[in-house]
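The chain below stands alone and is given in C-alpha coordinates; this is the form predicted on its own.
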(Lines give C-alpha, C1' and ligand atoms only; values in the text may rest on other atoms or scores of the structure.)
Protein backbone atom coordinates (compact mmCIF):
# COMPACT_ATOMS: atom_id res chain seq x y z
CA UNK A 1 0.00 0.00 0.00
CA UNK A 2 1.40 3.40 -1.02
CA UNK A 3 1.83 5.80 1.88
CA UNK A 4 1.19 9.55 1.96
CA UNK A 5 0.80 12.08 4.76
CA UNK A 6 0.21 15.70 5.68
CA UNK A 7 3.08 17.29 7.58
CA UNK A 8 2.60 20.35 9.77
CA UNK A 9 2.66 21.90 13.22
CA UNK A 10 -0.10 21.83 14.35
CA UNK A 11 -1.55 19.02 12.26
CA UNK A 12 -4.09 17.20 14.43
CA UNK A 13 -6.90 19.39 13.07
CA UNK A 14 -6.18 18.49 9.45
CA UNK A 15 -9.01 16.90 7.49
CA UNK A 16 -6.71 15.87 4.65
CA UNK A 17 -6.71 12.19 5.72
CA UNK A 18 -10.51 12.05 5.35
CA UNK A 19 -10.36 13.77 1.99
CA UNK A 20 -7.70 11.51 0.49
CA UNK A 21 -9.32 8.38 1.92
CA UNK A 22 -12.51 9.38 0.12
CA UNK A 23 -10.62 10.10 -3.11
CA UNK A 24 -8.82 6.76 -2.90
CA UNK A 25 -12.05 4.86 -2.28
CA UNK A 26 -13.85 6.56 -5.16
CA UNK A 27 -11.00 5.92 -7.61
CA UNK A 28 -9.97 2.44 -6.41
CA UNK A 29 -6.47 3.51 -5.35
CA UNK A 30 -4.59 1.36 -2.82
CA UNK A 31 -3.07 4.02 -0.56
CA UNK A 32 -2.83 5.11 3.06
CA UNK A 33 -2.76 8.74 4.19
CA UNK A 34 -1.90 9.94 7.70
CA UNK A 35 -0.74 12.92 9.75
CA UNK A 36 2.84 13.74 10.76
CA UNK A 37 3.58 16.34 13.43
CA UNK A 38 7.00 17.84 12.73
CA UNK A 39 9.02 19.80 15.31
CA UNK A 40 9.44 23.41 14.24
CA UNK A 41 13.14 22.77 13.65
CA UNK A 42 12.74 19.21 12.36
CA UNK A 43 10.78 19.35 9.11
CA UNK A 44 13.58 18.03 6.86
CA UNK A 45 14.26 15.12 9.19
CA UNK A 46 10.57 14.12 9.28
CA UNK A 47 10.41 14.19 5.49
CA UNK A 48 13.59 12.12 5.18
CA UNK A 49 12.38 9.52 7.67
CA UNK A 50 8.97 9.26 6.03
CA UNK A 51 10.54 8.84 2.60
CA UNK A 52 13.03 6.26 3.89
CA UNK A 53 10.12 4.36 5.43
CA UNK A 54 8.40 3.99 2.08
CA UNK A 55 6.41 7.22 1.82
CA UNK A 56 5.51 8.24 -1.73
CA UNK A 57 4.58 11.87 -1.14
CA UNK A 58 3.20 14.43 1.29
CA UNK A 59 1.12 17.52 1.69
CA UNK A 60 2.76 20.34 3.62
CA UNK A 61 0.87 22.79 5.80
CA UNK A 62 1.83 25.66 8.11
CA UNK A 63 4.50 26.58 8.95
CA UNK A 64 6.63 24.46 6.59
CA UNK A 65 5.69 25.49 3.03
CA UNK A 66 8.78 27.63 2.57
CA UNK A 67 10.98 24.92 4.10
CA UNK A 68 9.46 22.43 1.63
CA UNK A 69 10.35 24.82 -1.20
CA UNK A 70 13.99 24.89 -0.08
CA UNK A 71 14.05 21.11 0.32
CA UNK A 72 12.69 20.34 -3.17
CA UNK A 73 15.22 19.27 -5.78
CA UNK A 74 12.73 19.80 -8.63
CA UNK A 75 10.09 22.56 -8.63
CA UNK A 76 6.99 23.12 -10.72
CA UNK A 77 6.50 26.53 -12.33
CA UNK A 78 3.68 27.40 -9.94
CA UNK A 79 5.85 26.44 -6.96
CA UNK A 80 8.62 28.72 -8.25
CA UNK A 81 6.11 31.55 -8.68
CA UNK A 82 4.75 31.00 -5.18
CA UNK A 83 8.10 30.53 -3.46
CA UNK A 84 6.34 27.87 -1.40
CA UNK A 85 5.49 24.17 -1.71
CA UNK A 86 2.44 22.38 -0.34
CA UNK A 87 2.81 19.10 -2.26
CA UNK A 88 5.85 16.82 -2.30
CA UNK A 89 6.29 13.79 -4.52
CA UNK A 90 9.20 11.47 -3.86
CA UNK A 91 10.74 10.62 -7.23
CA UNK A 92 13.87 8.67 -8.13
CA UNK A 93 15.50 11.99 -9.10
CA UNK A 94 14.70 13.53 -5.71
CA UNK A 95 11.92 15.56 -4.12
CA UNK A 96 9.49 17.15 -6.57
CA UNK A 97 7.73 20.19 -5.11
CA UNK A 98 4.49 21.75 -6.35
CA UNK A 99 1.98 24.26 -5.05
CA UNK A 100 -1.72 23.49 -5.51
CA UNK A 101 -3.09 26.17 -3.16
CA UNK A 102 -3.83 28.76 -5.83
CA UNK A 103 -5.49 26.27 -8.15
CA UNK A 104 -7.55 25.03 -5.21
CA UNK A 105 -8.66 28.52 -4.20
CA UNK A 106 -9.65 29.55 -7.72
CA UNK A 107 -11.50 26.26 -8.28
CA UNK A 108 -13.44 26.72 -5.05
CA UNK A 109 -14.35 30.32 -5.90
CA UNK A 110 -15.35 29.65 -9.48
CA UNK A 111 -16.80 26.13 -9.35
CA UNK A 112 -18.20 25.70 -5.85
CA UNK A 113 -19.12 29.28 -4.95
CA UNK A 114 -19.90 30.52 -8.47
CA UNK A 115 -17.87 33.69 -7.91
CA UNK A 116 -16.43 35.44 -10.96
CA UNK A 117 -13.02 37.02 -10.40
CA UNK A 118 -12.51 38.89 -13.67
CA UNK A 119 -12.98 42.62 -13.26
CA UNK A 120 -13.41 42.42 -9.49
CA UNK A 121 -11.68 44.30 -6.68
CA UNK A 122 -9.87 41.74 -4.51
CA UNK A 123 -8.18 42.27 -1.14
CA UNK A 124 -5.61 39.65 -0.16
CA UNK A 125 -4.84 39.84 3.56
CA UNK A 126 -1.34 38.62 4.42
CA UNK A 127 1.97 38.34 2.58
CA UNK A 128 3.36 35.01 3.78
CA UNK A 129 3.59 31.63 2.13
CA UNK A 130 -0.19 31.16 1.89
CA UNK A 131 -0.60 34.49 0.09
CA UNK A 132 2.29 33.77 -2.26
CA UNK A 133 0.74 30.41 -3.09
CA UNK A 134 -2.50 31.92 -4.37
CA UNK A 135 -1.31 35.23 -5.82
CA UNK A 136 -0.42 34.24 -9.39
CA UNK A 137 -3.58 32.16 -9.97
CA UNK A 138 -5.67 35.11 -8.73
CA UNK A 139 -3.81 37.52 -11.03
CA UNK A 140 -4.39 35.13 -13.94
CA UNK A 141 -8.15 35.61 -13.44
CA UNK A 142 -7.73 39.28 -14.47
CA UNK A 143 -9.18 41.21 -11.53
CA UNK A 144 -9.63 44.96 -11.90
CA UNK A 145 -7.46 45.45 -8.83
CA UNK A 146 -5.72 43.19 -6.33
CA UNK A 147 -4.49 44.79 -3.12
CA UNK A 148 -2.10 42.93 -0.81
CA UNK A 149 -2.33 44.21 2.75
CA UNK A 150 -0.03 43.20 5.56
CA UNK A 151 1.45 44.43 8.83
CA UNK A 152 4.86 44.59 7.18
CA UNK A 153 4.67 47.07 4.33
CA UNK A 154 7.99 45.83 2.92
CA UNK A 155 6.81 42.22 2.77
CA UNK A 156 3.63 43.22 0.93
CA UNK A 157 5.52 45.44 -1.51
CA UNK A 158 8.02 42.69 -2.26
CA UNK A 159 5.19 40.30 -3.06
CA UNK A 160 3.35 42.85 -5.20
CA UNK A 161 6.51 43.66 -7.16
CA UNK A 162 6.78 40.12 -8.54
CA UNK A 163 3.08 39.61 -9.20
CA UNK A 164 2.54 41.53 -12.41
CA UNK A 165 -0.89 42.80 -13.34
CA UNK A 166 -2.96 45.32 -11.33
CA UNK A 167 -1.42 44.46 -7.94
CA UNK A 168 -0.53 47.02 -5.27
CA UNK A 169 0.59 46.78 -1.64
CA UNK A 170 -0.92 48.62 1.32
CA UNK A 171 -0.53 48.56 5.08
CA UNK A 172 -3.65 47.69 7.07
CA UNK A 173 -4.25 51.31 8.06
CA UNK A 174 -3.82 52.54 4.49
CA UNK A 175 -6.84 50.67 3.10
CA UNK A 176 -9.27 52.66 5.25
CA UNK A 177 -11.94 54.05 2.91
CA UNK A 178 -11.45 51.39 0.21
CA UNK A 179 -13.96 48.61 -0.51
CA UNK A 180 -13.78 45.28 -2.31
CA UNK A 181 -15.86 42.56 -3.97
CA UNK A 182 -13.76 39.76 -2.43
CA UNK A 183 -11.72 39.85 0.79
CA UNK A 184 -9.47 36.80 1.29
CA UNK A 185 -7.78 36.14 4.63
CA UNK A 186 -4.49 34.39 3.83
CA UNK A 187 -3.02 34.85 7.32
CA UNK A 188 -2.90 32.15 9.99
CA UNK A 189 -4.44 34.51 12.56
CA UNK A 190 -7.57 32.36 12.82
CA UNK A 191 -5.48 29.45 14.13
CA UNK A 192 -4.49 31.69 17.05
CA UNK A 193 -8.06 32.91 17.60
CA UNK A 194 -7.21 36.36 16.25
CA UNK A 195 -8.31 38.71 13.47
CA UNK A 196 -5.92 40.87 11.40
CA UNK A 197 -6.31 44.57 12.39
CA UNK A 198 -8.39 45.50 9.37
CA UNK A 199 -10.37 48.74 9.10
CA UNK A 200 -14.14 48.75 8.83
CA UNK A 201 -16.13 49.33 5.65
CA UNK A 202 -14.17 46.97 3.39
CA UNK A 203 -17.12 45.13 1.83
CA UNK A 204 -18.94 46.31 -1.29
CA UNK A 205 -22.60 45.25 -1.70
CA UNK A 206 -22.74 41.51 -2.43
CA UNK A 207 -19.10 41.04 -1.33
CA UNK A 208 -17.58 37.72 -0.30
CA UNK A 209 -15.44 37.26 2.83
CA UNK A 210 -13.22 34.18 2.43
CA UNK A 211 -11.00 32.72 5.15
CA UNK A 212 -8.44 30.26 3.79
CA UNK A 213 -8.49 28.58 7.23
CA UNK A 214 -11.38 26.27 8.10
CA UNK A 215 -13.22 25.28 11.27
CA UNK A 216 -16.46 23.69 12.43
CA UNK A 217 -17.76 27.10 13.49
CA UNK A 218 -17.03 30.61 12.29
CA UNK A 219 -13.35 31.48 12.35
CA UNK A 220 -12.54 34.80 14.06
CA UNK A 221 -12.21 36.41 10.61
CA UNK A 222 -15.59 35.05 9.53
CA UNK A 223 -17.22 36.32 12.72
CA UNK A 224 -15.65 39.73 12.13
CA UNK A 225 -16.89 39.76 8.53
CA UNK A 226 -20.39 38.81 9.69
CA UNK A 227 -20.36 41.75 12.11
CA UNK A 228 -19.24 43.92 9.18
CA UNK A 229 -22.26 42.67 7.21
CA UNK A 230 -20.43 40.99 4.38
CA UNK A 231 -23.05 39.49 2.05
CA UNK A 232 -21.36 36.09 1.75
CA UNK A 233 -18.98 34.42 4.19
CA UNK A 234 -17.14 31.12 3.89
CA UNK A 235 -14.13 29.25 5.17
CA UNK A 236 -11.43 27.47 3.18
CA UNK A 237 -12.82 23.93 3.33
CA UNK A 238 -13.67 23.98 -0.37
CA UNK A 239 -10.17 25.21 -1.16
CA UNK A 240 -8.75 22.38 0.95
CA UNK A 241 -10.71 19.79 -1.03
CA UNK A 242 -9.84 21.32 -4.41
CA UNK A 243 -6.12 21.67 -3.70
CA UNK A 244 -6.14 18.10 -2.37
CA UNK A 245 -7.60 16.92 -5.67
CA UNK A 246 -4.70 18.63 -7.46
CA UNK A 247 -2.23 16.87 -5.15
CA UNK A 248 -4.00 13.55 -5.73
CA UNK A 249 -3.57 14.03 -9.48
CA UNK A 250 0.15 14.79 -9.04
CA UNK A 251 0.62 11.55 -7.08
CA UNK A 252 -1.81 9.19 -8.81
CA UNK A 253 -2.51 10.70 -12.25
CA UNK A 254 -6.27 10.70 -11.58
CA UNK A 255 -8.63 13.67 -11.14
CA UNK A 256 -11.13 12.78 -8.39
CA UNK A 257 -14.64 14.21 -8.20
CA UNK A 258 -14.58 16.80 -5.42
CA UNK A 259 -18.30 17.56 -5.01
CA UNK A 260 -19.25 14.42 -3.01
CA UNK A 261 -16.26 14.83 -0.71
CA UNK A 262 -16.96 18.50 -0.01
CA UNK A 263 -20.64 17.67 0.67
CA UNK A 264 -19.57 14.89 3.06
CA UNK A 265 -17.28 17.22 5.01
CA UNK A 266 -19.88 20.00 5.20
CA UNK A 267 -22.47 17.54 6.49
CA UNK A 268 -20.06 16.33 9.17
CA UNK A 269 -19.23 19.87 10.37
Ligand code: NDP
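Residue numbers count along the first chain shown, from 1. Since the model is a prediction, treat every value here as computed from it, not as a measurement.
Beyond the structure shown, there is the form predicted together with the named molecule, which is absent from this document and is the topic of what follows.
In the predicted bound form, the named molecule sits within 4.5 Å of a heavy atom belonging to residue 129. Contact annotation for residue 141: none of its heavy atoms lies within 4.5 Å of the named molecule in the predicted bound form. At the 4.5 Å threshold, heavy atoms of residue 176 stay clear of the named molecule in the predicted bound form, well away from it.
Although the partner is absent here, residue 57 is not a contact residue: none of its heavy atoms lies within 4.5 angstroms of the named molecule in the predicted bound form.
Here the chain stands by itself, but in the predicted bound form one stretch of 199-207, 28-36, 239-247, 218-226, 239-247, has heavy atoms within 4.5 Å of the named molecule.
Proximity to the named molecule in the predicted bound form, defined as a heavy atom within 4.5 Å, holds among 158, 76, 112, 188 only for 188. Scanning 233, 213, 67, 47 against the named molecule in the predicted bound form with a 4.5 Å heavy atom cut-off leaves one residue, 213. Residues of 150-175 that come within 4.5 Å of the named molecule in the predicted bound form, judged by any heavy atom, are 150, 151, 152, 155 in sequence order.
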